[in-house]
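Only one chain is included here, represented as structure tokens and corresponding to the form predicted alone.
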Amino acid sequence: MRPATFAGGVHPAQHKDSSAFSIERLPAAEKVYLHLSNSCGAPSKAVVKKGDAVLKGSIIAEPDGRISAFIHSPVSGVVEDIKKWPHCSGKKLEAVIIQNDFKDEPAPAGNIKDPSLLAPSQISEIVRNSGIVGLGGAAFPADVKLSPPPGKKVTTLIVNACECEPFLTADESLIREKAADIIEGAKIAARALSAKQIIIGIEDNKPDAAQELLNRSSERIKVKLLKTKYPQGGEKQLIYAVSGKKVPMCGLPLDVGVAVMNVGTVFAVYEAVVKGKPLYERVVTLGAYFRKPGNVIIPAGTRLEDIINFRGGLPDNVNKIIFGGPMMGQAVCDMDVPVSKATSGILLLWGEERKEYECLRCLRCASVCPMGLMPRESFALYKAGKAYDKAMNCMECGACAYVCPSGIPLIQYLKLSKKNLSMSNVRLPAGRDLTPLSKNGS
């Protein structure tokens, strides 16, 4: 069978060398720096103060609103301070700083029960209390996704195993080593959603991982091979590729009876419900020019400098560091920035800045846009002091900028158009606000 796919997209070099390594565990650092902004929603509210003793897995912050998340300590130790600390956004945001005592004293685990005996609301509550957010990059609170609003029925859970960004292989390594747990996590999430079907979408450049999943497929759990193409893991592109359903513009997966969760997210659901383990660490790809590349379990709040030092130091030729993948990731400029729950990868890169030339009107940007937009139009309108009214549909994948022969940073102009539209209080279809539930299949 030909692998399924979607219209548009690009084929960047994969650079998946780190997939050859087994998952390792990074030693905990002397201090961890846990930002209260650790989800895509409202910052959490600290429940500890300076001088408090904490245990590994204990709650240090609680949600401040519906779209917010619990935060747990990845180490045992003492709260050294609560103050503003460098964040990957380039700002300084409030963070809880914990001095590690290296005793690894665990907090008491919750009462572990058979998942098949739990009601959907009980599963959602465990997921919320465990601080689980989407680990595909969006960091949307998973319990909200597992609790559809009245009138919205989910029939299919789609598990995103695409990992379509170059360099990133954390999900692939997790599948190879924890496929059975991932399947169980998907079943638990489907139970919470009352979904009858589970479909796992995985690109065909991961044959070993795909086989691990295929070995555990069943009538209810299907594995669908997808064409290796970026952004195959985009939420709307994934839904179309595996089910043929089209999510309406400015709509949500719920509108077509679907929920999408990342491989790492359903694995975290399994660990929370079956093992009573909250989300305070995750697998992160250390790629590109790392002296010791690989996929590593890293405690949340570990500083970039500590990670690089643990892996042999910073190579001389590196001039850019990215959290995430090279297409949708975020460049960081401070070695004090810590990883968060949303950090799927850290890339040490080298390269020259692209020069920007006049637009050739070649429309390559439109031909690759997975959302059917005209990125060049956004560029032209912004230059003219106007906003591109379709920009709110942009998923910020960067495919347009990747193919532009003139080196125009089209994605930046689309982001600026979105910002201008937000500031002008643009009206969208009823029931849809300006905050996307997911950018890349959370």
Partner chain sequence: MKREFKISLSPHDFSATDVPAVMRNVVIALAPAMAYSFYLWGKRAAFLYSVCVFFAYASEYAFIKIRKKTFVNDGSALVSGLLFAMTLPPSLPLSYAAYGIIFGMVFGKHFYGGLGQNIFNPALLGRAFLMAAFPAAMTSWISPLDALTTATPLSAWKFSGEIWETGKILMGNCPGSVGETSAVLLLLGGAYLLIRKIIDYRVPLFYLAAVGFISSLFYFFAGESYGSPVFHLFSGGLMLGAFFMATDPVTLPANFRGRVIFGAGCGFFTMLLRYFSGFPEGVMFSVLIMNALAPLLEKIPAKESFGENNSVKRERNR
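These numbers were taken from a predicted model, which means no experiment stands behind them. Residue numbers count along the first chain shown, from 1.
From this point on, the text means the form predicted together with the partner chain, which you will not see here.
Exactly one listed residue, out of Pro326, Gly294, Gly185, Pro141, brings a non-hydrogen atom to within 4.5 Å of the partner chain in the predicted bound form: Pro326.
When you look in the predicted bound form, the only residue of Gly201, Pro370, Pro86, Gly77 with a non-hydrogen atom within 4.5 Å of the partner chain is Pro370. Stretch 311-319 is the answer when you ask which of 311-319, 142-150, 169-177, 193-201 has residues with heavy atoms within 4.5 Å of the partner chain in the predicted bound form. In the predicted bound form, the partner chain lies farther than 4.5 Å from every heavy atom of Gly65. In the predicted bound form, the partner chain sits within 4.5 Å of a heavy atom belonging to Asp255. When the partner chain is considered in the predicted bound form, Phe102 lies well away from it, no heavy atom lying within 4.5 Å.
Residue contact check for Gln412: one or more of its heavy atoms lie within 4.5 Å of the partner chain in the predicted bound form. Annotation for 358-397: interface residues with the partner chain in the predicted bound form are Glu358, Cys359, Leu360, Arg361, Cys362, Leu363, Arg364, Ala366, Ser367, Pro370, Met371, Gly372, Leu373, Met374, Arg376, Lys390, Asn393 [heavy atom within 4.5 Å].
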